[in-house]
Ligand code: ADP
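Starting off, we have a lone chain in the form predicted alone, written out as structure tokens.
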């Protein structure tokens, strides 16, 4: 059997259970955007880590070194945001070919520093080593959240509204612009910009984390068609998604129209949006949505409902009618 047959999460499922017996009380391990560990009398510590590998997660010729450094930290801060937590520090490990220009890496670190400074996240350490040919970047970020207030994937409740922050599909469309070698225009440049330099929803996550009516939350890294499944599996719930309510940016709509793309498919299955996917108590969602949309520029949109059963199943509806839809999102081990 090959990894491409079971995918990233099938691989994780094969070994994660073996380590659950080693967890100490009050420690939450594999299964959410971050691990959770006791910190002090008031707070818990959250920890996440992520890899960026040249030609897998980024194309060196298509992203500036500044944006690469920015993105390397951003994708990890997004996980902290999904827990409703405050980031507190980062660790950076890099494997580099010996022929990489020092000036190139200076710009990588300038981008990393700019985002670090924006959210007051100090770089606390890391490692450097030689790579046989590709740039490999690993970032670990720590954060803190009040005890018992971390937003978990397992907390969705029957009847919850399913919501997303911001537009979906821009990053996947930006990557498609690059891969297809399209001549950039105003719209497609914005899509590429979001792909190369996403903004983590740190402030949004902290804001949402203060509401008890916000139940489950995670970041959108593999596309909602895939990521929603993780919440459903952990919460033992099902879902209904109304396709006409999926928020799609004007830039994606226009670029898709110009190039005969399926904008909805990109919005559902495109990875690396780094928006937040969350469920909110149905009786509290409207006031939370109204207050959120007065506070932030990217809208909070209600796209569906959590159902009691069947567990893990997503019903896709358009204008009230069920429609078939392939559930797949980004898979690291796809051929």
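Residue numbers count along the first chain shown, from 1. None of these values were measured; they are calculated from a predicted model.
Absent from the display: the form predicted together with the named molecule. The rest refers to it.
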Residue 9, heavy atom within 4.5 angstroms of the named molecule in the predicted complex: yes
Touches the named molecule in the predicted complex: residue 31 (any heavy atom, 4.5 Å): yes
Partner proximity in the predicted complex: residue 90 to the named molecule, non-hydrogen atom cutoff 4.5 Å: no
Contact flag, residue 221 vs the named molecule in the predicted complex, heavy atom cut 4.5 Å: yes
Candidate spot 15, 79 and 153, all three touching the named molecule in the predicted complex (heavy atom, 4.5 Å): yes
Location of the named molecule contact in the predicted complex, chosen stretch of 275-283, 31-39, 63-71, 295-303 [non-hydrogen atom, 4.5 Å]: 31-39
